[in-house]
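You are given C-alpha cells for the same protein chain in two forms, set apart as structure 1 and structure 2.
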Structure 1
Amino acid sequence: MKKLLILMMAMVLAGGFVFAGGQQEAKGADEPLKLVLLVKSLGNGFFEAYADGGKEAAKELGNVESIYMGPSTSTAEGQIEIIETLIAQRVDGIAISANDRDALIPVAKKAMKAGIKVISFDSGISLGGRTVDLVPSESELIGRQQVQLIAELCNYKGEVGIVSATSQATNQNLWIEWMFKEIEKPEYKNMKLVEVVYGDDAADKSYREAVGLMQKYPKLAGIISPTTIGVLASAKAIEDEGKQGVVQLTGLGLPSEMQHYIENGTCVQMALWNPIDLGYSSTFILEALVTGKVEGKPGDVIKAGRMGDIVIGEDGLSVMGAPFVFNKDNIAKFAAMFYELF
C-alpha cells in the first residue's frame, strides 16, 4: 500500500495525472492543454476572428493548443456529434457557441462528468450545461440598441422586419426579445416589428429571407439583422431589389465585410463587439478552469492578459463590454484592423 502511494506521488510529480470522471489518464508534463473553440458553424468570418483571438491567447499562455471546430451548418446535432468525439479524445476544455441552449445540455454534462471543462460564449448553453457563460455585452443593451439604430434611420416611422440567424440561437433570441420590449416605448409608436425570419446564418438563405420580407411587406421601412451573415446578405438583397434608401438596414456586422455597404449608404450604421477579444477571453477562462486556478464560481476573477480581470457573475455569467457603433466616419479604420488579420 505504502509502495503504491509512493509510486502514485512520484507519477503526479513527474508527469501530472488528470482525474477524469473517476478514471485516470496520464498527461505528459510538456503536453499542451487541448482547448477547443466550438463555434455555431464554419465559414463564418465572425468565428474566424474569434479563433484568431484563441490562438493569440494560446501563444501568450504557452501551455495551450487552441483547436477551432464547428459543424458545416448551424445545427445542435452537428455540435453534439463533435462534442461526443471530443469526449472520446479527452480534450481538456471546450468553449461552445450554442446552436440550442437546451439540446446541448446532456452532452455537455457528459463532457463535464468526463473531466472536461465546458463554458459557453456568444450564444449560451442553459445553466447545468456549462460553468461560465461569456457574453459580449448585456443582451438587453444589444437588443434595445438595435431598435434605436433602425429608428434613427427610419425617422421613427414604419414597418421593420428582422432577419435573424437560426430559430434556436440563444443569443439572437434573447436580443430579439429585448427588441420587442424596446419598441413598446412611446417614441416608437409609429413603428412596428412585423416579422422575424430566419436565415440560419447561411448567406443564401439569409438573402432569400431578406428578399421575401421586402416582397411580403412592400412598405417595409427597415431591416434589423442581428447576425454578421444576415446583415451582409440583407445589404446585398436591398441593393439587388433596388431598395437602397427605401429600406434602411442595421444589425450586427463585421466591419471588414460591411465596409462597402456602410460607405455607399445601404447600411448607414450598425454595431458589433470585437470577436477577437471574445476568443482571447474564452481561452483564458478555459485555461484557468482546467488548471484549477478558479472553479468558475460567482466572484471568481480570472487574469486575462490584455483584457485585464474577467469577473464571473451570478449563474456563471460574464459580460465583456458595450457594443461599438460603426458608421462611415469610422468604418475604414476598423475594417483595416480586420483585413490585417485575414
Structure 2
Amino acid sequence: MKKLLILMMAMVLAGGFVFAGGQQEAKGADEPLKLVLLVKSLGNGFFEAYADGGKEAAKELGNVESIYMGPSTSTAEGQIEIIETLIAQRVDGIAISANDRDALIPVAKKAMKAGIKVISFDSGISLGGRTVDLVPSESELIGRQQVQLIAELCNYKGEVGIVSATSQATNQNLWIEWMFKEIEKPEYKNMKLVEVVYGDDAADKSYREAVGLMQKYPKLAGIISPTTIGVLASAKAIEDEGKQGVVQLTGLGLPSEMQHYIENGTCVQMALWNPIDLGYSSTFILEALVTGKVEGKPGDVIKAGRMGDIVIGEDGLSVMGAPFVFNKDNIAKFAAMFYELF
C-alpha cells in the first residue's frame, strides 16, 4: 500500500507521467525537462515555498516542468523510496533537501548512474551523493549584512552591542568577525561595536544580557543578535525597558516568532534564509547541469535569474547569497510559512 501511494503521488505531481512495465514512455525532443524538488516532508508551508520558487524559475526558463515531491513524514526511508520511483521514471534532475546526509548517498549514486543530475540544497547530502550542494549563505555575507541592517536603522551613528549565542559557537564567531571587519569601512566612522555578550542560546540569559547592555551603555543605539533565540529575547528586553524606538534591533530571526515585534516597530528589519529563493536557485542549477551549460566543476558559474551568478566551489559547495530581509511589508506572508515548520 505504501509503495502504491508513492507511485500514485508521483503520477499526480509529475503531471502526466505514463508507465508501461514500470518505465516512463519515451520523451519527445520538445518536452520540458522533468526537474524534481524533493523536500523533507509534504504538507508543510515552509517546504511548499520551495515549490513556489521552483515554479517561478520554471516559468522563466521555459524548458522546465518543476515537480514538487516529498514523503509524508521526514524520514530518509521515505525519500529513498521516492528516489527509486524517480529513477524508474527517468526524470532529468532531482534537487534534494536531505533528511539524512549520509543515508541517501547510495540511492543518489544510483540515480546519477542512471543519468539523472542530483544536487542537494538547504540540508545537504554528503560528498559523493550529489554534484552540487547549495547552501543559503556564507559567513562573510551574513556578518557584513548584519552591520548594514543595523546601520540603516541607527542612521549610521551610535554604539551597538551584540547578543550572541555561546562563546564557542563557530558560526556565530565567524559572523561576528565579519561584523568587525565591515564596521571598519568609512561609512561607519560614527558607529562602534562596543561589546559582545553571550546568552548561550537560552531565552532567559539572552534577555538578561540584552538588558545588561542597555544599562551598561546608556547611549546604546542598537543591538545585533545573530541567533533566533537571542533576537527574540532582545526584542522583549527592549520593550520591557521602554527602549522601543531608542535602541534599534536586528539579527537572524524566525518570522513566525518575530512577527509581533516587526509589525510594532521594535525590530524594523531582520534576516534569515528565504525558501522561495532556494527552490528558485536549485531549479536554475539543475537546468544548467542537465542542459550542459555547466559540468558542475569548481569555478563553473550559473546564471540564476534574479539571484544573479551562483559559483560552484570546491566539493560542489555553492552559496546562494545574502540572507533575505524581513520587514513589515512581507513578515505576515513568511510568518505563516515558518509557523508550519517550527
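Given the structure is predicted, the values throughout are model-derived calculations rather than measurements. All residue numbers here refer to structure 1's sequence, counted from 1.
task: May I ask which of the two structures is the form predicted on its own?
output: That would be structure 2, which is the form predicted on its own.
- request: Single out the hinge among 80, 136, 49, 156, thinking of the two rigid parts turning against each other between structures 1 and 2.
  value: At the hinge: 136.
message: Quick question: how big is the domain rotation between structures 1 and 2, taking the chain as two rigid parts and the angle in degrees?
response: Turning angle of the smaller piece versus the larger: 68 degrees.
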